[in-house]
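The chain below stands alone and is given as structure tokens, in the form predicted on its own.
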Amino acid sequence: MIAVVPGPELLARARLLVAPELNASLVRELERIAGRGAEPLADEVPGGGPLLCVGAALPGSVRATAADRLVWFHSVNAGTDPLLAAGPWPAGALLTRTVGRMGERIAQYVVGWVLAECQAVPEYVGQHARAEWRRLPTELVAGQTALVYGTGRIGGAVAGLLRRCGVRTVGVGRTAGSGPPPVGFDRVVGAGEDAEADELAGARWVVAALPSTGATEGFFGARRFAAVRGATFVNVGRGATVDLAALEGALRDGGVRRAVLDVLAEEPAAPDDPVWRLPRTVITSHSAGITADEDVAVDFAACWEAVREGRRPGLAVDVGRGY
């Protein structure tokens, strides 16, 4: 369910509330775009008038006392699952998100790990620490297959950059659809066809770029990992989409060659968390696609222009689906 776009009269009267943690320079740019001064998005809700909010979280006070006044919330993050998990989304309120150049950043992250693996970088780092001189076999990426789960902006950017390296890219979407595949993909299969079509068995890399929704929780479980035949698993989507026990089993039996996890279900992981002891696994700090202030400003401006013209922004979130 995507909310109705607020009309020009509502938009003209809306008070701009911004999260206090936003940089002053970003706040000034938001004020310039909206043509009005900003007030703090805090527990104390200002009285009177519709509300346009920009931040990472919606204070409980807004949900409790001013939900009917919220006409638009622009998230400074790409993932809006924490916002939606905090409670029922105010009826009729438009929710938009920030993507910016995140797809480009995440694509570089994935390709960086892919190339490092093919050039035996982790092994050479280990040899260096042991002062060991030994040639290691390397491999070319061209001609190999990457299975990318998620065919939206992020997944498409990842697939596009991999494809420019000569990698065959297969996307996995909710359905296979008809017509030509989205830009960046050689082909697309439905989520129910990935194992049956032997795509998982033939993949050299499995890249997860799925959002966190009720349908994707534990999506990568024992059945899917059992179909993998020596691929490396890279998660740049959401941690809750992965059953870590199933991943550990696949790593220990060799079905999964190695894992790179930029996201976890519980972040940050404590030093004694068993996730740090997964074999042949590297964990990074949810940093593959860090959002810059420029991303927030550019995407807010695009959404503002669309709303001002009565159009639904391309970055609008279907709160029923969660993305």
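Start at 1 and count along the sequence shown; that's the residue number. Computed from a prediction, not measured in an experiment: that's the story for all the values here.
The form predicted together with another copy of the chain is left out here; the points below concern that form.
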Closest heavy atom of Gly47 to another copy of the chain in the model of the complex, within 4.5 Å or not? no
Contact of Ile290 with another copy of the chain in the model of the complex (heavy atom, 4.5 Å): yes
Just to confirm, Arg105 within 4.5 Å of another copy of the chain in the model of the complex by heavy atoms? yes
Gln119 near another copy of the chain in the model of the complex, any heavy atom under 4.5 Å? yes
Note which of Leu161, Val170, Leu84, Ala93 lies within 4.5 Å of another copy of the chain in the model of the complex, where distance is taken over heavy atoms; exactly one does. Leu161
Among the candidate stretches 131 to 139, 67 to 75, 210 to 218, 187 to 195, which one is within 4.5 Å of another copy of the chain in the model of the complex when only heavy atoms are counted? 131 to 139
Which residues from 281 to 298 come close to another copy of the chain in the model of the complex, meaning a heavy atom within 4.5 Å? Thr281, Val282, Ile283, Thr284, Ser285, His286, Ser287, Ile290
